[in-house]
Each structure stands twice: as C-alpha cells, then as structure tokens.
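Take a look at this one chain, the form predicted on its own, written out in structure tokens.
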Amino acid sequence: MHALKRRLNELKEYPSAVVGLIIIGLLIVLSIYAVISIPYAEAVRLWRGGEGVWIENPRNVPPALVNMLPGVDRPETMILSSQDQPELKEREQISEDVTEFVISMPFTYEYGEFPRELSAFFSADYEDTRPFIEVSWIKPDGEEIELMDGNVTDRTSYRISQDRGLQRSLDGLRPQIGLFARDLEADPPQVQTGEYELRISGYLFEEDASFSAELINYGQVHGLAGTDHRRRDISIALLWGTPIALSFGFLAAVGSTIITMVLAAVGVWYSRWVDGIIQKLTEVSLILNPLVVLVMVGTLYSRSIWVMLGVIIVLNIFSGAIKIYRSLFMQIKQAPYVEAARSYGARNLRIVFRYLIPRAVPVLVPQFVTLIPALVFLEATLALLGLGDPVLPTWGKVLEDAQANGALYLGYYYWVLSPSILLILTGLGFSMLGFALDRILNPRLRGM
C-alpha cells in the first residue's frame, strides 16, 4: 500500500499523466452512463431499427449544439399530434353512421431557415369503410393551399416533402420550402415567419370509427451528435461505442500481455526445446500481417467482435514483445535471489510466477497501458474496412457508414468528427499515462 501511494504521488509530478488520467476517467464515466441509461438490448434495437424506430428524427442533420454558434439559428424538429392534444379536434354527428370532423394543428414558425422535411401520419380505426379526408395548409397571411384528399387506411404516411404534384403547384419549389416561402417568385426564397396551420377535415362512416393525425416538421439540427442517413441518433453509437472500445482494448491487452509474459518466462526458465518452440512460433507470427489475418477471418468465418478479439489475442501473444520479455528474464534469471530460491528447493513454476514475473511488472504496466489504444484503433480500422460486428453500435461503424454514404463529400463533417475525436482522446489519454508510467516504473528512465 505504501509503494502504491508513493507511485501515485510520483504520477502527480507529471502533468501529462494527470491529463491522461482525467481523460480515461471521463471515458469510464461515459461508459458507465451508457450501460445504465441504455441497456445493451435496447442499444442494439435502436441501432438496427432504421426509420421505423427513428421516424421522428430528421435525416443527415448536425447536432443541436451548432445553434450555440454566433449567428446560427437552425430550426429544430416540431411534432404536433391530435392524440396528445385532443382539443385540436372537433366532431359533429351528421347522421347515424356518418361523423364529420375537423382537426386544426396550428404552430408558430420563427426560424430564418426552411425545415428539412415535412411529413404527416394518419391513423384510422374502422372495420369496413375507410375514412375520407381533405388536407390543407394555411399560411400566416391567410393563403390556403390544398395538399391532398382521399381515403386513408389504418396507417397512412403522407410525405409532404416528396409530393411532386404539390411541388409543381408551388412553381417547382420543394414543398418544405414553398409552403414556408414568403414569395414563390423570390430568388432566393425567404422564410415567412408567423402562425401556420395544418387543417384536416373529413368523414367517418362507422359509429365507432376514429381518426388521428400527426405532423412532423423536421428540423435542421438534432440531439447531441446529429443523425445519419437512416435517421439514427449518432449519440447512441458514440455512447455505447465507449464501453465497447474500452472493453475490447482492455481485454485484448490483458489477455495478450499476460500470456506473452508468462510464455517468455517459462521459455527462459526451462530453456532448451521449450524456449525453442516459443521462439519459432514467434518468428512465424512476426512474418504474418495481423490485419491481413483479421480480414481473412472476418471475410471467411465471422465478423463477431468476440471472434476478432480472440484472434487478436492469439496474434499478439507471439509478437515482438515476447523477445523483449525474454531478454529481460534472461537477466533476472541470473539474479542472486533466484539462485537462492533454487538452492533451497523451490519448484520451477514457483520460481517463474513468484520470482521472475513480478520483477518484470514495471515493464509490463506501461506497455499494457499504451497497447490499449492501439487495439481500440485496430477495432475501428476493421469496422472501417467493413469487417466490424454487424450488430454492435461502435465508433468504427459510424465511420464506416459515413464513408459509405459520402459524408465528407456532402459536407456532413459532424458524422466523421465526433467518433474521430473520441478515438483521438482515447489514444491520447492512454498514451500520456503510459509514457509517464514508463518513466516512473522503468529503472533505466528514472531521472530522465
């Protein structure tokens, strides 16, 4: 305990170590928050859900934080529902089976930019005869624009932004622009702010029939991290990518480093054919390109992150580090206290695990810490190559989707920057801590 306190006090003398610990601490807190706030099954469902789950999100918009920039005031998503506001609906029984209804959905639009999209969703509950509706749009100056009419089913989607007939009637302007434009002939068109209204009138032809409507005015910003091409909230992958990345890097680093050190110690102590086999396996492994092996495994066998983790551990066991540990154990083997242990009859394995390996821990810890970000980057690289786990939301999957959909070409920089920043912070935090630990624990570097 005293030695641990002394090491911690030494860490305080290195500002880089303090900064690294702060970054790692924040990543751990973010991981805990992600696991508690969004259960694993829910995170997978949300990430694989597509538009059915994210229907209320705009497509390909930056985070709402951009509105904090000077002079930026992009519209946010507005959702109006007749179910949430029953006062918007009026009904009148005009015969035994026919009911006339009117749903007025007013809202105030005060933004200086046009919305991203417009959509209306209609839900009807009936047995045989479908309700009939007429939909109109009323602008602040009182102008009324007919949008559509016809019978609706139990679930009808009306993508106002994709209505080509409406676009032609708006002088070729896209509906989300023409419906909010002050003057259709202006170039460029200007937003008309004020009170708008979506009015739905129609008839129900059954006594127990019902009808509800929802209007979604999609904004140009959303959430903490924006959305992607499938309307998914990127913050889901950023949050859950943190515990996945840290777990992947930590498990791979622990598994490969400890096994490598044990094999190096066993080979040095038993020497002869045991050391020969270990060194031959290491030489063969050094010839292989780990990334090529992982690509083959992901292409021909499985892209599961746990399969990849096992392969990475196996490949890293017989890496160049085993030769570093071997040279270190060769020196420790000649130490007087090892000769003393051998003289009083200590077993071979006791000498390996009690006297050899503990002496190498000061070298092990810094290399272990600096290895974690390398493995995190490796997982992201595999995902970027299309070999990431198809189920899990990770930083690498976000980058892969961004690359496949031309995010940089289309100007969706937030899509690339957010996971990249987290990857850089992870590498920076562990590297700064690892280099500081190397100076503290490595006898050759003390005082430098």
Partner chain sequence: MSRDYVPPETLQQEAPESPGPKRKETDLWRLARYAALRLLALFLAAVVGVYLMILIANMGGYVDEIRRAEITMNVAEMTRGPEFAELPEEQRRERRDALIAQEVERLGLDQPFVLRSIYSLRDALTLDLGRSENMTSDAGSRHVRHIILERLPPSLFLFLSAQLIMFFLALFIALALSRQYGSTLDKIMVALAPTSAAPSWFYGIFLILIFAALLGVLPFGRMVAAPPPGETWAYALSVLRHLVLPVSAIVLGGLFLSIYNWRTYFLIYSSEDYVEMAKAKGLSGRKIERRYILRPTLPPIITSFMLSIITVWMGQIVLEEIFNWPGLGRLLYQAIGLYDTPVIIGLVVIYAYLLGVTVFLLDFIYALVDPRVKVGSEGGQT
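Computed from a prediction, not measured in an experiment: that's the story for all the values here. Residue numbers count along the first chain shown, from 1.
Separately, the form predicted together with its partner chain exists; it is not shown, and the next lines address it.
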| item | value |
| --- | --- |
| Listed residue (L27, A64, L385, V44) with a non-hydrogen atom within 4.5 angstroms of its partner chain in the predicted bound form | L385 |
| Sole residue of R350, R168, R91, K280 within 4.5 Å of its partner chain in the predicted bound form, by heavy atom | K280 |
| Candidate site I23, Y33 and L215: all three near its partner chain in the predicted bound form by heavy atom within 4.5 Å | no |
| V72: touches its partner chain in the predicted bound form, heavy atom cutoff 4.5 angstroms | no |
| Exercise: R272 in contact with its partner chain in the predicted bound form, heavy atom 4.5 Å | yes |
| Partner contact for L428 in the predicted bound form: its partner chain, 4.5 angstroms, heavy atom | yes |
| Its partner chain contact in the predicted bound form: Y413, any heavy atom under 4.5 Å | yes |
| In the predicted bound form, segment of 207-215, 83-91, 223-231, 323-331 with a heavy atom within 4.5 Å of its partner chain | 323-331 |
| Neighbours of its partner chain in the predicted bound form among 277-306 [non-hydrogen atom within 4.5 angstroms] | K280, E283, V284, L286, I287, L288, N289, L291, V292, V293, V295, M296, V297, T299, L300, Y301 |
